[in-house]
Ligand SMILES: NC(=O)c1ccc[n+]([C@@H]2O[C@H](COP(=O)([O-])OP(=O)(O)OC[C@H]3O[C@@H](n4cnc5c(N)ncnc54)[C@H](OP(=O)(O)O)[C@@H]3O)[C@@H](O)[C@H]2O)c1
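The chain below stands alone and is given in structure tokens; this is the form predicted on its own.
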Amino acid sequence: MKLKVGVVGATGMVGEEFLRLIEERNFPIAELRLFASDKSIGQNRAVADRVWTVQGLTANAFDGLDLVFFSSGDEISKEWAPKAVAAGAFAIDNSAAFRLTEGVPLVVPEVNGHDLPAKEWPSIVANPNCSTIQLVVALKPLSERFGIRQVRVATYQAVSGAGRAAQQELTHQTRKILQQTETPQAVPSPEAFEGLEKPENFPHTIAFNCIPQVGGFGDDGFCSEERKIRLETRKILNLPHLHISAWTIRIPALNAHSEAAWVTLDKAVDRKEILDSLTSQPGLKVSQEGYPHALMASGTDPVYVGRIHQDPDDPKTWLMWIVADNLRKGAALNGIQIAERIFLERSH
């Protein structure tokens, strides 16, 4: 079965990851339509032994397509994803536009693939937030086997989550600070930071820094990324009353997000039971010796979990370190897996 596929936002970081994964996974395409903003129209991309030309979104852009991946932001998705469905295509949306909309599935296939619609009924399927995805892959087996009472998580998020311009801002700032440092062995002085341009992609300089803000702040003191983790995790795990709280922190890593999580179960269990549960989860790779880290995870598909240990003051609480490539499993790969589940795996 070969599919006619569209990619909206095809020249962005996530869009390009979609194209790489289409090739890597031999995703069966009969036709590929690439869509992007005006500045990218006319560019070419080689995928699956053919060259495809980037085009703009027009009234009949989705006619005849089976599937459209969206990775261009909330406003584009709000306008165009319903049009893709009206044209008879599934819209797999990587933005936040529909994630909490009642009736729209919010899916991580290894966790709640059963929530996906049948392929005979085209609809919008929401791809969760990158930080949420890796968290729920680790939480799913614990929730099923032991029950979860509370989750607290702190994220350490790479700049790739804010796009290509954010990566370039980090590398530019780092290079300039080091160039203004007197000797290679010296620690950068405050003066080395004074000549930097005003940050464009972050509220403060990201080089050599940690910024405890991902997204805008609400009146409750939480930023939008923290609210996404809380509400999306509840929806995906079907635990509407789960006690969950998050800190989200941007760090000067180029790619792959890391999370420190405190998970309080409904009952006390031993380490062997925890490890047996985690190792049974599809898509999750458990590090029993050592621990995963961002450089190791970048460019790979699994969610990794390590440093699994029990809170000495609360035997029901387990601490763990969760890492994943936010462009792959946190975005494009999860979207591809949704499409595979709808069109390929369930059609056999």
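Given the structure is predicted, the values throughout are model-derived calculations rather than measurements. For every residue, the number given is its place in the sequence shown, counted from 1.
The form predicted together with the ligand exists for this protein as well; it is not shown, and the discussion that follows is about that form.
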item	value
Close approach of residue 308 to the ligand in the model of the complex, 4.5 Å, heavy atom	no
Proximity of residue 164 to the ligand in the model of the complex, heavy atoms at 4.5 Å	yes
Contact label in the model of the complex: residue 319 to the ligand, heavy atom within 4.5 Å	no
Contact flag, residue 335 vs the ligand in the model of the complex, heavy atom cut 4.5 Å	no
Listed residue that, although the ligand is not shown, lies within 4.5 Å of it in the model of the complex (heavy atoms), from 72, 143, 233, 173	72
Candidate spot 209, 294 and 298, all three touching the ligand in the model of the complex (heavy atom, 4.5 Å)	no
Proximity to the ligand in the model of the complex (heavy atom, within 4.5 Å), stretch among 23-31, 308-316, 276-284, 38-46	38-46
Residues within 4.5 Å of the ligand in the model of the complex, restricted to 305-333 and counted by heavy atom	326, 327, 330, 331
